[in-house]
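The chain that follows stands alone, in the form predicted alone, written as structure tokens.
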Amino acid sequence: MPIDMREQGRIWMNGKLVPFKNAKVHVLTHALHYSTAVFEGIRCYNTPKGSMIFRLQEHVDRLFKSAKMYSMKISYSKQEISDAIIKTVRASGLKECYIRPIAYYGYGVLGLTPTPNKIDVAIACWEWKTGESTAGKVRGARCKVSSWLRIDSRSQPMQAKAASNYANAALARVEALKDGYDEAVMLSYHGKVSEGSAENIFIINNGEISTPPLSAGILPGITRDSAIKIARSEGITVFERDIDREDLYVADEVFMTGTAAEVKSVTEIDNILIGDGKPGKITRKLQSAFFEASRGKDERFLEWLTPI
């Protein structure tokens, strides 16, 4: 769910913390015209031991992998970016927030070839209250299988969290919302289930979890990875395998994962009720387990948290 952004704290731009209102780019910035940008979405949670950033290292690693796939040379080290993220969160004064680092081809030469331009890096954060949306938390989300196919790695690197991928996702999201649904489910060119517009997807049958593999053109989600690790630690079997559209309809449970969504229950797809039409037992268990892990209340996963 989009929320209004409260301008609080500062935004880190190319090594300097600047006032929120002054964090501007030129209208001829290359990334604005050609989607030559890679980014991350990270959460900071208020835990019993203070504010902690969830899986910071994995997010920074993925940012650099995304940049490499687009031949972008970030002029800061991973450690410098990690330190800058922490510094930005501190400057915000927020105990909990959503963090957005972005690397992009900047202003200089405007033409399709991006490489003459400098890589700019910015980091912003803003307030994001837990449970902004009831869809998937209080009640199960209603989804539709999108008429828009998920582009795959034959077209561009889908394992990169790149701005260009999200034009495809935005089409699916807007279509779903216009049709009265909460979210879209996207299929691959091969007709297999890929992911939601901004979340990975899982199905549950007979107490076992299945989720599409990376070869289905999905983003290697960090919340996805967290959910898999948590489920396996609870003794639940998790398969990474191709999933057909029909598998969604007959699943006992369906849920989605993402940095913003966390663990989101899906109880209806294409007007077909999933299971009994209520958030399922295993999904609710994973929602609770993820909440505990991300808020520093599960000793097994404390290594996922970085204090600010």
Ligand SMILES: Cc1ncc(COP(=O)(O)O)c(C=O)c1O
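All of these numbers come straight from a predicted model, not from anything done at the bench. The numbering used is simple: start at 1 and walk along the sequence shown.
Note that the form predicted together with this ligand isn't included here; everything after this is about it.
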Give a yes/no on whether L219 approaches this ligand to within 4.5 Å in the model of the complex, heavy atoms considered.
yes
Should T211 be classed as touching this ligand in the model of the complex when contacts are defined as heavy atoms within 4.5 Å?
no
Whether T47 contacts this ligand in the model of the complex should be assessed with a 4.5 Å heavy atom distance threshold; does it?
no
Are any of the heavy atoms in G258 no more than 4.5 Å from a heavy atom of this ligand in the model of the complex?
yes
Are all three of R62, A198 and R224 close to this ligand in the model of the complex, meaning a heavy atom of each within 4.5 Å?
yes
Identify, from the list Y189, Y107, Y166, Y76, the residue with a heavy atom within 4.5 Å of this ligand in the model of the complex.
Y166
Of 189-197, 83-91, 117-125, 140-148, the segment with heavy atoms within 4.5 Å of this ligand in the model of the complex is residues 189-197
